[in-house]
Every structure is written in structure tokens, then in C-alpha cells.
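Alright, here's a single protein chain in two forms, structure 1 and structure 2, each given by itself as C-alpha cells.
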Structure 1
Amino acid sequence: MSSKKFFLMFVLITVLSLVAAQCGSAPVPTAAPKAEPTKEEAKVEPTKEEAKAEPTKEEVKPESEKITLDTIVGTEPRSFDPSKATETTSIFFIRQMFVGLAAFDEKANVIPSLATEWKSSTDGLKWTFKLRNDIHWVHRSTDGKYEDLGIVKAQDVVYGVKRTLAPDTASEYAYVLYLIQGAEEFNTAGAAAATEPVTDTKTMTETVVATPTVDIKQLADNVGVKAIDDTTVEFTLKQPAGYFPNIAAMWVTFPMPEKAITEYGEKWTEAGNIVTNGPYTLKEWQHQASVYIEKNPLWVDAAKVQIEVFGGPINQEASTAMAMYEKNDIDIMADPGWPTPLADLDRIKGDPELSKELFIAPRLCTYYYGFINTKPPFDNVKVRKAFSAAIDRESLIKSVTKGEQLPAHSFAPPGIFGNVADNKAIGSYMIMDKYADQVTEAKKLLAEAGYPDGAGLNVKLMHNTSEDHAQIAQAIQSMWIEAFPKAKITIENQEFAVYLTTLLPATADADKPDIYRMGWCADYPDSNNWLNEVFHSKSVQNYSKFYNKDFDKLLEDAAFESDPTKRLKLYEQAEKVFMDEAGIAPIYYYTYVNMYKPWVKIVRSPVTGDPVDKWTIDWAAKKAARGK
């Protein structure tokens, strides 16, 4: 359903839109398009009765009659807490249940959401967001009753940002907010230091000296975010950053319900406790079993939301999902579940009906293998480059993934501002004209590193549990064994939540694999989100433990450079350093390889995940297909 022509057109449109956006991001006053004025924006306060919508007919429907989009949830969500979510499944559901200041449209442009408009000061250091006042906090009880808890205010945004940054929250994504004044200082502050003994080197006696206590409250007060009034939030940055509205669209900046968090603590995101402000609420979360969200009848645009229930069982087997799809038990094979299984693609493409339901298109993601750069033998750049060069990406795509992916030789994919996907000089050792030449280069590098033909190497490759990831791992394992016949290469897998913990930089290297599988998809379409936020030395996402001062400096300079041409050059240089040092082995740039029943009409969002509230179902056709 896609072609190279479609792909090039997609990339051109996306890049042009990004460049246009960047050209307007110099430190001069800028404003987002203003949403259509509502009664509330005209300063007419709704009555209590107006604010609290009357129950609709849909609310009292029998469960069997609620318009439901059935899917498979591919893995247990790690957290529905916007401060703590890190992986695709959790973020997908969070974006259905919560709205933030900004969002992204179908062309990856940043657009207003909770905010109606924003502007920056002349020096680019202050960003002011005006909020709409018709978005409400809503609580759904376990028996399905809805309660309006009032309008989302600027103070809720301030609370959310500071909660993400608070050391006690331990947010793995807090570092993306370090461009805000005082954010890094607050986030990295230790607990109040205890007293500790100090030794006098002359008398060799110990004296207990009280170390200074860290003033956490003062550090929190110093963070550059404040509510000017109920509908105005102001951010103060350390340096100008024209892409800041992209950051404001990330879930870690979302407003958060302080009262619910205070009352329920870590359990505030459980069904029956959670308070949300988006088009859906949490209906059910049976851990390791199922997740369902339900349409929020108090949502400002509830009348435009057709799908009333979305979700399904949690299942890690793509083959099971495919079987359910073919029996009409589920409507889609897509996020937050499983894409079309690799083993079924040839059959699907050859089937006159299933082939019409197959959707393939470019996606802003990169599939890669990471090396633990601090763990021998992969602390040697020649070993890393050898293993990366010995991957036949073209063959893998043609014979295994079969989804029209593109061989990757850099991290950021086409469509991301600052990507170098069309610069084949970068990472050229991964994409030579002949794979045999890559193997020759890989053997040479490995011999120079002291491991001729892999002699003496005992390498563990790990991936999260998945049939598709297993197929890819086995194919690449075969390539490595053929290139390095004297090496021992084994494969292991772990359930996703355990896997993420294993990969954390703080986990001891002895407990890590040598090589791991990972993918990265755009949080926003800028290389800052890719290179800086994943592989900067300070990033908690830096599972490879790639530490390079030159690389860090290039990213820091790019993050605060207002000239888009200079930013592009800096990212090009950073990608070159990253690939020259083989911090990772990029394998392919993703495509969507999804299945949709003919009664499902989708709206695609390449950055934030598909907005279920904008999808529709031919309900009569679905029921007929199920014999009902």
C-alpha cells in the first residue's frame, strides 16, 4: 500500500514543514494559531449545571451495545503516570486520557491543545501559554459513574512540571526539561545530607561536621515555570530554544491532578482512583491481563467521539493477535498492540481480502541494536563497528521484516529535523554496495581488536519477549556466526518491564547483555529528541552508556542554537561522531505494518500515537461480521 514515491513525498512534506517551523523559531515573538473562541474564552463562566454535563444515552447502554474498538495490548503498561511513563504502550494510553499544552497534527506540526496560543519574548527566554477554560478534570468510579472535578488550571500545569522534576518522583524523562531555568538543579538535588566524620590530617582525629542541607523547597521555587493566573502559564528558559513548544507537547509537561496524587500516592493511576482530563478515562486495568479505556462523557467534544470503549487483553504473542484478528475478535493489528507478524506477511500480501486490510507507510522510528559501551569487549570501538558492519540490513528487510523498511546507517530517521539519512558517507561501513565488503571490513576490525574470526568472544544478545524480535535476532545471530565462526553468540529474552530495568545505566554491567534490542520513535520531530535525549551522557535512556564529550558538546550547542541551518550542521556532526564511534548499530527505519478491518476508519498521527477519539467504526458492519 506504500511505495518509494509515497515515502519520498511524505519525507519532503514533513521536512519542509519542520524547516518552516524552525525558520520561525528564532528568539522573536511567535504565536501559535488561535483556536476558535468559545463561550468560556469570551469570559462567560459556565454555570455549575453547564459544566457538569447531563448523563448521555451512551452512559446507560449495556456493555454489549457500547461502540467498542477491540485490540490486543502488546505488553503490560509500565505506568499511566505522565511523570513516569517511558515506553510506547504507556504513552499511547496516556495520550488518550490526558491532554497537555500542545499536541501534534497529522503532518507532525506542533499545534495548540490545552493551550489556545503561545508566544515567546524578544530574547527567546520566556514562553507564555494561554489556556482554554473548558477542559475539566474528571473522575470515573469503578461502577462507571462520572464526576466533574472542575476546570484544568495553569496551576495544574505548574504542579505537573515540578512533579516530573522533583527528585522523589524519579522520572526517567525529567532531563528533557533541563532547558527550563532551575530544572536541572532541582531534579538532581540529593536528599538532605546527613552528618559525616571529617578527619584532621595533622592529628588524625575525626570530627563530626554537619554538611549543608539542600533546600528542596527553594530549588522547586526557582524552577522557571509559574502560573500568572488561572489560564496563563509562563516558562523561563536558560537559553533560547525555538523548539520549546515541542517540549510542551510531551506528556511529562501535562497538567496533573494534585489532589488524587496526594490521596492515593503510587496507586493514583489505578482504575477507580485516576483523575484525567482527556477524551477517555480508565475503565479497567487488570495488571498483566487487560486494559480498557472508556469515552469521557464530560469531555468538551464528547459529541464528536464515536468509539466508546477501546482496549483488550494483554498478550505478548503476535501470532495469537493475528489469529484473533482473522476471527474478527479484534479490529486492528497496530499500536498499542502488535503490528502484523513477520511470519504472516507473505500470506497476507497474497490474500485477495487480507491484502486490502494491510497498511504500510513510513514511520518516525528506528530499530537498533545497542552495545554496552562500558562492558568488554564492546568497550572497544573496533568490536562495535565489526558487529554493526556484519549485519546485512538489505537481506534482513527482504527476507525477514518484509515491511518496506529502509536500511539504517544513522539514528534519526527521514522526517526528523536534523536527520542525515540521505548522507550515505555517515555510517558507510554499514551500507556498502556489497555485503561481502562489509564482512571483509568486519573481519579486519575484529582481528585488529584481538579477536580473529571472533576467537575468544562469548557474546549475549538480548531482546524483549516477542516472536518478531526473536526472528530478527536469530537472523542477525546467523549473520554474525557466519562472519565470526569462532565466536559464541547466544540469545536471551526478558519480559518488557524486567528488560527495561536490566538496561538502565544504573544496573551493573555484569547483569546486562552485551548487545540489546531497542527502538526509538519520535516524541517530537527534532534530532534533539533523538540524539540529545537518548544518548547524551546525562540521559537515563542512554542504555548503551555511550559517553563522549565531543558528542555532548555538539548536542548542547544544537539545543540552544536558534539558526536552523547551524542546528542542522551540528546534528550532522553529532551523527557522524556517534556512528564513527559505533555507539549503536542502527538496523532499519521503521514503517507502519498494520492491519485494519474494513469497518475501521483511522486518523494517523506520526508523532503522538493515533488519536482514538478521532477514529470511527461502521458499527453495523462490525456486528454483522461477528454474526450479531
Structure 2
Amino acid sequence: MSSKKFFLMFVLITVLSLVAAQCGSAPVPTAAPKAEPTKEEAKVEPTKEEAKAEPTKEEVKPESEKITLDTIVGTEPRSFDPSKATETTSIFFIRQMFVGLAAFDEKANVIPSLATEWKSSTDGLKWTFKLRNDIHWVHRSTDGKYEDLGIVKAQDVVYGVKRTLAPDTASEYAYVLYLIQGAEEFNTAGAAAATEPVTDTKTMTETVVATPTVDIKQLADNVGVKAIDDTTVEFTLKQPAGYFPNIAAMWVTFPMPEKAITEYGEKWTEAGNIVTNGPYTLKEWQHQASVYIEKNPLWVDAAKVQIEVFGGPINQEASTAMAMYEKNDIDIMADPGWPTPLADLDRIKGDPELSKELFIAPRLCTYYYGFINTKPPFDNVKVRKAFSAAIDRESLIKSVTKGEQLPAHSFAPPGIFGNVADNKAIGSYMIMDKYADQVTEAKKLLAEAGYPDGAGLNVKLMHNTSEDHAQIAQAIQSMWIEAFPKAKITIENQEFAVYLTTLLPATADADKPDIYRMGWCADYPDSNNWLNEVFHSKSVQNYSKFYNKDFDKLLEDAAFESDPTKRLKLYEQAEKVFMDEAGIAPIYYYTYVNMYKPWVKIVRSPVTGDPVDKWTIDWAAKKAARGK
């Protein structure tokens, strides 16, 4: 009897929860947004011209009629909070939803965005940005109503910068702002304050907590950023830096909506809570399931934005994405989704239709294998060099990665200020004419280091979980076994978040692999973002724990130097030291290997986050193709 009751209860609960779920979710995607946005639109001037850009201006637009660009989203975004985002998926969406002082154009030049102009004082220490006054904060409620929350002011920029630096925010990108006066002190003092009360005894706690909070407020005030008036921001740097506008184009300096952040706390980036100032707003973010952004009707250039909805389901399988692409379910194989999978490249290149949709272009990223420079036997430069030299980069690119990547022999790729990709004298042991010579050299080096033919070496190589990384790792493993037959080489993989923790400089060397895979993509196209921010001995990103006094000195000099020719020289020297010491084994400079349906016209940015607001779509052609 009782089991029957239980069963009934169970059925009842299931049914009820299903009904509830239906009620909860149904209005969001379909019913509401029809009438309201158009009303709102009518208030704002520019939308009147909208009829020109798109033929379908109607009173009520059903969801399926909205001009939609479908993609998949490669991974669950970690955060849409500009202070906290670190990975490409999040950053891609952040660049659609927020605008900062400056932006990057198609050639990675810095162009005005929220700021119309900027200038630096003669000593290069003070930077003044003039803001435009027609960019508004916008809130989109879950039922599709848009609300204008006022103009984006200089104070919002100041708040954004300070928030990124605030110790409580724990931004992983805060170090980028350390060139601003007082920034480092503010950012790091917090860490000390946070740990101190824990280590101290109970009686001590109160006093210990009290002092740092006062300190922190003071430190925050000392940060060299202030709003002169509503449309002027002034930054004070601790050293002259010609590349500062690049930083002003990074998401960590974006203005942020203080009110929403204080109101919702951690949850402020959820759809319905988030307040944005860019061409798009967050329409839907179902965690681990889907992300959609919607055109912001209150955006200053809304008339020029054609694509109304952009996004798709979150799917971690590149092969699934490819299948969807071929079925016309999605329009692009590119960020924020997956690039074209390696396994399908040969077929695509051979296919008369698909090959036309394939798009390969240089990308400002480098794929490399890092050595833990403090962990024997890789504390020996000869061992590092031998392993780097024994990689056949040409074959790897030709047969495995297949995307016309360039074999790398230095860290910063072509297109970055200060790169040495054309100087074949640097890192020459990686790019000899014949691979066989590289192997001979590698064998010689390893024998000199005391490991003839790799005897006695037990090397662990690790990569983050991904089929493509696994392929590359196995190909390189095979090259190493071929060159050093007596060495034992094992491969391991870890999920990305775990992997990053494993690699942190603070983790004990014993818990780390000997060699790790990593890639670095430009945040802004300057070697400072590459050598200095990644491999300076003080950088948190310096997973290899590479340390060389001259190298650090060269980078510090280059950061202070304002003469471009001198800076170039300094970076060239730094790259040379880095490669002579074989701190890492660069493998290739990335390319975009993307696919776009013929009805999609894109504008790309070499820096993460193509401007979707400038993309267009031949809506009729897409509908026709889908109808088939």
C-alpha cells in the first residue's frame, strides 16, 4: 500500500514539476519580446532608419523571423564579468555586450570607441581620455523589455578599473593594469589582508582586520585613475608606456555598471540582471546549455546592426558542431564556437562546395610546449634544447594541424610589435633546412647532457583535454621516441580548469609534468603582452618558471622605453635570450581555420572578439537553404 502511495506521489511531483518548468521557461523565448522592444525602439531616434537596413520592420515580429546568426558555443563561459573573464568564449561575448574606451580594428590598430580621443602628457605619464556622451547603460528584462539607465560616464570607467584591481574581485587579469600608479599595491595588499586574519589568533583578529580595511580604502583612492568630469578620465602611470591605449581597449578597463553589481553581487551577469552598454544585450544564458545575445535597440548605431540574435547551444564536441554546420543548423565554425575540426580538414579541402567556405587567416596566437625549468632534467638547457630541436614542425603542420600554420621559432607571432618571426637566426635550431640535421643536433645535445639516446629519461608530457591536443601530443611523442629511443615519454591530460591549477607556479614541482602544452593569444598586439606578461619571472602566467636576469632586465627596459626602434631592439634581444635558453619550445603560430556559410559576411578582428555588430547575413538565402 505504502509503495503505491509513494509511486503516486512520485508521478504527481514529476508531472507538477514538468508543468512548472513549462510555465517558467515558455514566456522567455517566445511570447514577450514581440511588442515591447518595438515600442521602446520608437522612442529612440536612430531606429527609424532601421527599415533601410532590413526589410522586415513589423509591429510584431515572431521569434523565428528575427534575423538570427546561429552558432554553437564551444564551452560554458566562465563569466561575463569584464573584470573576471579570462578565456576566449567569455571575452568574445563581452566584446559584443560592452564597449570600452578604445577598441581594435581589423588590423589590430587601436581605434576610438567610448573615448573619442586621447592624449598623453609630454612625459608620457598622464593619459586623458575624452568620452562621448551618447552611449547608454541598458537593462534587458527577461520578458524582453529594454530600459535606459542613463549615459555611460567617466565615473563608470573609474569604477570598472578599480573593481578589476580590488582584491575582493580576485581578477586574474589585474596584473595587466600594474603600470597604473598604485595599482599593484592596491591589488596585492588585499591578498595579505585576506590571509592575515586566518593565520592570527582570535584575539588578534579584530585589530588585524581593522587596519587593512582602512589601508585598502586608502590604497583604492591612491590608484592613478580619476574622473575629471562626466566625460573625462585621467590615468596616471608609474612609468611611461606607449602601448597604454592598447590596455584601454582591453576588457579589464571597461566601464562597469556599479548599481547592478552592488544590487545582484555575483549574479549580476545573469540574463535579466546584467546591465550592458554595447551593441548587444544578454538574452539568454542557461548554464551548460545555451547562450544568446540580442541586438540592443537603444544602441547608438542600432540602425547599422543587422543581426538581431546571435548565439546557440553550448556544445563541447567539434565533430558535432561540424555535423550541424553541414546540415545548415549553424552558420559559422568559428569563435565563440569551434574552429573546423582537424579530422575533417582533408575532406573539406577536397569538397568543391565546402572548400569555398573554408577561411584560413593568421591569428595572433602561439602554440608552445613549455618546460618546467626548475625540474630536473629540464633544468639543463641542453635537455630543453634537444627536446625542442627534435620536433618536426613542418611535418606536424602538414599532416596533423593542416591549417597552414607557420612553424614557430620564437614566442611572439608575426603581427605583434617586437616579433622576430622573420629573423631566422633566432632559435635556428628549431627550423633547420633538414629535420634530420635537427635530430642529429638534438642527439648530440642530449648525449652531452648525460643522456645518450635518452637513456635514463622519464618524461611526462601533459595537455588539457582535447582531441586535437592529443593528436599533436602523440605525433610529437613519436618524434621524440624516434630521436631518443631509450627515453620513456608518457602523455597525460587534464580538464582545463584542473590543468591550470596544476601548472600554477605555486604548485610543487613534483606534482607537475615535465613538459606542458599551452597557447598564448594576444590581448593587444605588443610584445609586452607576450614576453613580459607571460615569461617575466614575476608573472603568474610563467608556468615554466623560466628565470634569466638579463631577460627580465631587457623586458623591464623595453616597458619603460618610449622610442619604438629601441624597443624593437630590446625585444629582439629578449627573444634571443629566451630561445637560446630554450625556456619553451614554440611549435607553431596559429591560424584561424574557420568556415562561414556563403550568406554570412563577416568582419574579423585579429584580437579575440570579432565585431558581430558589423557582420551581415543574407537572410533570404539562409532561410532558403534551411527550407531545403
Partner chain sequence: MTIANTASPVMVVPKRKERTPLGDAIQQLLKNRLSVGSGIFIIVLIMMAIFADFLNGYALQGYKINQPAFAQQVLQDNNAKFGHVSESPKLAGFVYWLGADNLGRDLWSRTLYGTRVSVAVALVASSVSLIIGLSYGLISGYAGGRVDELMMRFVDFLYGLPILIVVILLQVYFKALARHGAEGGLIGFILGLNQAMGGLLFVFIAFGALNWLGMARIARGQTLSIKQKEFVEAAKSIGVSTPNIIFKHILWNVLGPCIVQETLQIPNYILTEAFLSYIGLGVDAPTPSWGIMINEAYQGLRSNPHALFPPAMALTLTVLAFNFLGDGLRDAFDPRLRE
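Heads up, when I say rigid core I mean the largest set of C-alphas that superpose within 1.5 Å between the two forms. Since we're looking at a predicted model, the values are computed, not measured. Residue indices: 1-based, along structure 1.
Structure 2, rather than structure 1, originates from the form predicted in complex with the partner chain. For Tyr589, a C-alpha deviation below 2 angstroms is recorded between structure 1 and structure 2 after rigid-core alignment. Core-superposed comparison between structure 1 and structure 2: the Cα of Gly350 travels less than 2 Å. Hinge angle between structure 1 and structure 2, smaller rigid part versus larger, from C-alpha superposition: 10 degrees. The Cα position of Tyr547 changes by 4.3 Å between structure 1 and structure 2 once both are aligned on the rigid core.
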